[in-house]
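A lone chain, given as structure tokens: the form predicted alone.
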């Protein structure tokens, strides 16, 4: 099973003076079970890209294949796709609309045509999975905190039991504990459900710590695609595009600028700390 973006072109404000190419001949493949991050400056096409992968937007040319089927084919079962691919928006308010939390989470599986008992069981399991307290189940989702709203929005997707989970800036507005919790959950989902995870983030430390592969977007073009360690080794190219880089890469760059060579290219903060410790011990001897 895989997702294939095949020469996708997408334009905004077509046939007006404000026409803009958001994605220009973008092609790549995502294998089943991958953990992929999409990075790029604001306006680079990241959010547009995952909405196209999810079928929420239709390309001007090119297409997307999911498990070998063209999702934009006129005979394609879009309702079935909704049960296989889930997308969590940056702002959870875009996904919440029912009177209470439990009804909101029931909405997705209910539209899959499941029996009521199965719908409610899925909703309950999903809400427990995101650690939402029982007393919040029958409150309005709009009365909750920002972090709780994100949990409800995610529960609504997980209740569908998707094979692919896409997240647009999932940690925006979360405190450090909330961020840690979220990535721990994503790791668990990937391990237990063999879920494919694609997320957008401006936080390069989060990307370095969690993603196995990175796609870099710049002005609607896919300019890099590779393993996390490989992509973050292109310090000058990334900073030249106005992108931030992981703290570990910054540390490595400072060491090199001061004539200190390293035996490794640290990506995570733990790796950077280990390398600094090694260098310090070597200096002592």
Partner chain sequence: MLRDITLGQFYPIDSILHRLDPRVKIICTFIYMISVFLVRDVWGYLAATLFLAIMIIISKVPFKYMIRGLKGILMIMILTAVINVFTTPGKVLLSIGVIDITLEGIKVAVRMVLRLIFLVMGSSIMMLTTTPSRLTYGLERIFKPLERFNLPVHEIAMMISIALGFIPILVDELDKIIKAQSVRGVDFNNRKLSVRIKNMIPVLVPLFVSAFRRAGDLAVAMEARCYHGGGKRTGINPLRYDRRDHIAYLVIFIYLSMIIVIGIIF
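Residue numbers count along the first chain shown, from 1. Quick caveat, the model's predicted, so the values are computed rather than measured.
The protein also exists as the form predicted in complex with the partner chain; that form is not presented, and the subsequent description refers to it.
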item	value
Segment that reaches the partner chain in the predicted bound form - one of 92 to 100, 206 to 214, 167 to 175, 184 to 192, heavy atoms within 4.5 Å	92 to 100
Sole residue of 228, 51, 41, 63 within 4.5 Å of the partner chain in the predicted bound form, by heavy atom	51
Partner-contacting position among 82, 161, 139, 202 - heavy atom within 4.5 Å of the partner chain in the predicted bound form	82
Contact label in the predicted bound form: residue 16 to the partner chain, heavy atom within 4.5 Å	yes
Contact label in the predicted bound form: residue 57 to the partner chain, heavy atom within 4.5 Å	yes
Touches the partner chain in the predicted bound form: residue 157 (any heavy atom, 4.5 Å)	yes
The partner chain contact in the predicted bound form: residue 145, any heavy atom under 4.5 Å	no
Complete contact of 218, 222 and 234 with the partner chain in the predicted bound form (any heavy atom, 4.5 Å)	no
